[in-house]
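The chain below stands alone, shown as C-alpha cells; this is the form predicted alone.
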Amino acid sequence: MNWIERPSAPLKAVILVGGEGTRLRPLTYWTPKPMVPVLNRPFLEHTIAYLKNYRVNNIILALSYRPEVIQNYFGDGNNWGVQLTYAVEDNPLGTAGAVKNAERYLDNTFVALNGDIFTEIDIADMLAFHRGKKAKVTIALTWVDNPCAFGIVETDSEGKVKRFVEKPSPSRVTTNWINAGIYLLEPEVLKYVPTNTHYMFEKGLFPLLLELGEPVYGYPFSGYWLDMGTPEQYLHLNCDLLLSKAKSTLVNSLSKDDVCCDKDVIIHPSAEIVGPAVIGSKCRIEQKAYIKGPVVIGPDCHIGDSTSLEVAVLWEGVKIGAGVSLKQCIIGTNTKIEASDQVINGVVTPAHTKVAQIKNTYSW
C-alpha cells in the first residue's frame, strides 16, 4: 500500500522552532533562527515546502523566541498552501515539552522535527517503516564521521533502539548513527511528558520509553542532512544548494555557471560574475566588481567598484565599498563594509561589528 492510498488521517507535523539560536549569534540577535535567509528565502519556508511535498499540510509551529516575526510573515499559511497553527511557549520548554504544549492539536501519528535541520529524508518511507514495526516512536538516524557532538543511537538488527548516548567522548562511541532530529510519534507517548516543564526527547522521554519497554525504533537513511545551527554549517547549506549537492523544493537546481537575478538588478558591463550565484531584487553591482560563486546576494545590496566577492552570503541591504575583498563570509542585514576593507572567514553584522570567525572546513 503506498503513501497516497494509506487510509489513515493526514499526517501532521510539529516544527520545533525553539529559541534564539545562540550558536548562530550574532546573526540571530534580531532574526529568529528559522527566519535566516537561505538562497534569499527564510529557512523555515524551505522546511514548509519540504513537508508540503509529502502532503503534510497541517503544520504546528512550536515557538518561543520572537514568535511575532514568524507569525507576521507566515500568517495562517494559506499563501504557502498549508494550514499553520502556532503553539507559543512563555518559557522555552525543550523538545518534548514544546510538543506537549501542542498536544491538543495532535490526534494521530505525527512527525516532529527540529527547526534547524535541512534534510531530504523520505517521510513516506519512514512512515511505512514506523507502521510496519508498530512503533510508538521512530527516530531518523544519519551517519556522521564524528558523532561526539551529537547523540548516538544504538539499535539491534531489527532497528529497535537499545540505548542512547548523548555527545559521547571518543572512547564511548559505539556507532556512527546519530539522532537526526526527525521523529514519528504516536500521540499517546505524550502522556509521559510533564506539562509546562522543560523536558527533552533525547534525555527524558526516549530513555523513559525504553525503560517502560515501549517500541522505539531507529530509521537509518543516507540522504542529505545538515544541522545549520552554526555559521559554518549555515554557509555550507547555502553553498550546497547552489552547487546542487542538496535540493530544496522551493528552488530549481542550479548549474555551476548559473547566475539567477531577481527583478531590477543593475550590473555594470565591466563586472564579472562567475556562477553559481543568486542575486536579489534591486541590487546594484558596480564596475570591475568580481563575483565568484557560490554566492548569495540579498535584496537591495550595493557592491562597489573593484570589489572581490567569493563564497559568501550577503543578507538584505548590505553596502560594500570600493576595493573590498570578501571570501568565505556572512554579512548581516544592513551592514556596511568600508572601502578597501577585507573580510575572510568571518561574520559581520551592523550591531556587532567585531568579526566572528568561520572555520575554513569546506572544499568548494
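Residues carry their position along the shown sequence, with the first being 1. What you see is a predicted model, and the numbers here were worked out from it, not measured in a lab.
There is another form of the same protein, the form predicted together with a small molecule; it is not shown, and what comes next is about it.
- Could you spot which one of 151, 204, 187, 215 gets a heavy atom to within 4.5 Å of the small molecule in the predicted complex? Going through each option in turn, the one that passes is 151.
- Task: May I ask you to choose, among 95, 248, 238, 119, the residue with a heavy atom within 4.5 Å of the small molecule in the predicted complex?
- Result: The option sitting close enough to the partner is 95.
- May I ask whether 281, 302 and 314 each come within 4.5 Å of the small molecule in the predicted complex, counting any non-hydrogen atom? Zero of three within 4.5 Å in the predicted complex.
- Message: Within 4.5 Å, heavy atoms only: does residue 225 come near the small molecule in the predicted complex?
- Response: Close contact exists here: in the predicted complex, residue 225 approaches the small molecule to within 4.5 Å, heavy atoms only.
- Task: Mark residue 64 yes when one of its heavy atoms lies within 4.5 Å of a heavy atom of the small molecule in the predicted complex, and no otherwise.
- Result: Yes, contact at 4.5 Å.
- Query: Should residue 180 be counted as a contact of the small molecule in the predicted complex, where contact means heavy atoms within 4.5 Å?
  - Reply: Residue 180 belongs to the contact set for the small molecule.
- Tell me, yes or no, whether residue 232 is in contact with the small molecule in the predicted complex, where a contact means a heavy atom of each within 4.5 Å. So residue 232 does not count as contacting the small molecule.
- Message: Looking at 320-328, 304-312, 56-64, 333-341, which stretch has residues with any non-hydrogen atom within 4.5 Å of the small molecule in the predicted complex?
- Response: Looking at the partner contacts, the answer comes out as 56-64.
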